[in-house]
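Only one chain comes next, encoded as structure tokens, the form predicted on its own.
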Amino acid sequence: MRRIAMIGAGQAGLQLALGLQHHGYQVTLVTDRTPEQVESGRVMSTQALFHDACETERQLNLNFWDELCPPVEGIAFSVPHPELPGHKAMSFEARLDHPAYSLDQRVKFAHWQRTFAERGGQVVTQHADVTAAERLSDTHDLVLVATGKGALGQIFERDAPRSPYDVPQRHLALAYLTGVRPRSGHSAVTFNLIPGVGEVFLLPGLTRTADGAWLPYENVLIEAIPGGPLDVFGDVQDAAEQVQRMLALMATFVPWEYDRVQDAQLTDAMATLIGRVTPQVRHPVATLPSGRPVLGLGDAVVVNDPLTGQGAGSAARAAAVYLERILWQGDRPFDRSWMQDTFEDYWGYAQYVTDWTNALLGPPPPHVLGVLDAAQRHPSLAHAFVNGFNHPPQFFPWLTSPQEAAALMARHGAPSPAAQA
């Protein structure tokens, strides 16, 4: 059986490594952290997984937490009123056709790494660089790089036509909070869009305490437009100060969310994160000094702002596409042409995630605002919008076309703004 090396142990890398192992491949997994270090480390993301992404895990029997994780039953969208503090200028909500989930990636990745080793996989714990990738290419039929960090991630060159941004569009502050009051009605991702300022999100999740007890919590994410009133975390000294500033901002801009979180506490000492992401797409095939090619996967080649909650789901989708392509290839060579075609197969889906996310980073055009406004009065339109989070191609072509947006509204019984005028 062919030998494959995976550098990186995140959602994409671990899922693909376990999938290949399931199909009998000899897989070497290279990671710079042990499961224990992952478990005791800092939180990594909000890690929302919508239904289709969850299905890619279930197909490999990797869904160990389905019965434990609190289901995310819908999405609630709000825009605060600019002139009436404490009021909403726009709001609607709808249920997802199938629930989403958010499991602390520290729990998931540590368990998946142990599962891989228990099933006979080889785990090499080291910081992988280009030299390490070169050594792996000597002894493996295919080397995949599933990390965008460090010098190794930089060997994949930026794809300028697919990357409209070259600097971060949001500055991020994340905290895992327990003791959050549940929202009324069904559970949901709450998506608060503050025009010209940024966004505030809440998302139910599940983590584990140091003594092994399961602990439901709420992901609280603030996305600040650089230099704006939410961008206040650059000089934060500790976790307590970060949470204090987050609560103060929520009390000012989204008081209905503050009411839920004002008495909450951090799940653990490592349950905060401050950062920024530069959205970009990189060329998927890189050349090692020997001339041999390596294939990028997940965040190594496609990085989106977490604004639309698609990071973990996109990684899961990439792992599923790459697995299918590797299985189809059989004993044929993993050459450059196959590598490029494999990525393009994934890009056929990922382009919609990227275009949608990049569009939301800017001011919504009038036709998009028209759809959001109409969703308040037309439940079927709100339902369609909310369920697009599970399958982002559903946002197209109306997201980029006023004519298609008008047609979408008409299908749901909503007159277009022009017709109303």
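Throughout, we count residues from 1 along the sequence that is shown. The structure presented is a predicted model; accordingly, all values stated were derived computationally and were not measured.
The discussion below concerns the form predicted in complex with a small molecule, not included here.
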With the partner left out of view, is residue 310 within 4.5 angstroms of the small molecule in the predicted complex by any non-hydrogen atom?
yes
Does the 4.5 Å heavy atom contact test between residue 7 and the small molecule in the predicted complex come out positive?
yes
Is residue 257 close to the small molecule in the predicted complex, meaning a heavy atom pair under 4.5 Å apart or at it?
no
Even though the small molecule is not shown here, does residue 44 get within 4.5 Å of it in the predicted complex, heavy atoms only?
yes
Indicate whether the candidate residues 174, 299 and 315 are all in contact with the small molecule in the predicted complex, with contact defined as any heavy atom within 4.5 Å.
yes
Have a look at 105, 342, 190, 272 for me and say which one sits with a heavy atom within 4.5 Å of the small molecule in the predicted complex.
105
Just one of 109, 92, 217, 322 has a heavy atom within 4.5 angstroms of the small molecule in the predicted complex, so which one?
109
Which of 323-331, 163-171, 209-217, 148-156 lies within 4.5 Å of the small molecule in the predicted complex, heavy atoms considered? The stretch 148-156
Work out the direction of the Cα-Cα change for residue 149 and residue 130 in the predicted complex: closer or farther than in this form? It's 3 angstroms or more.
farther
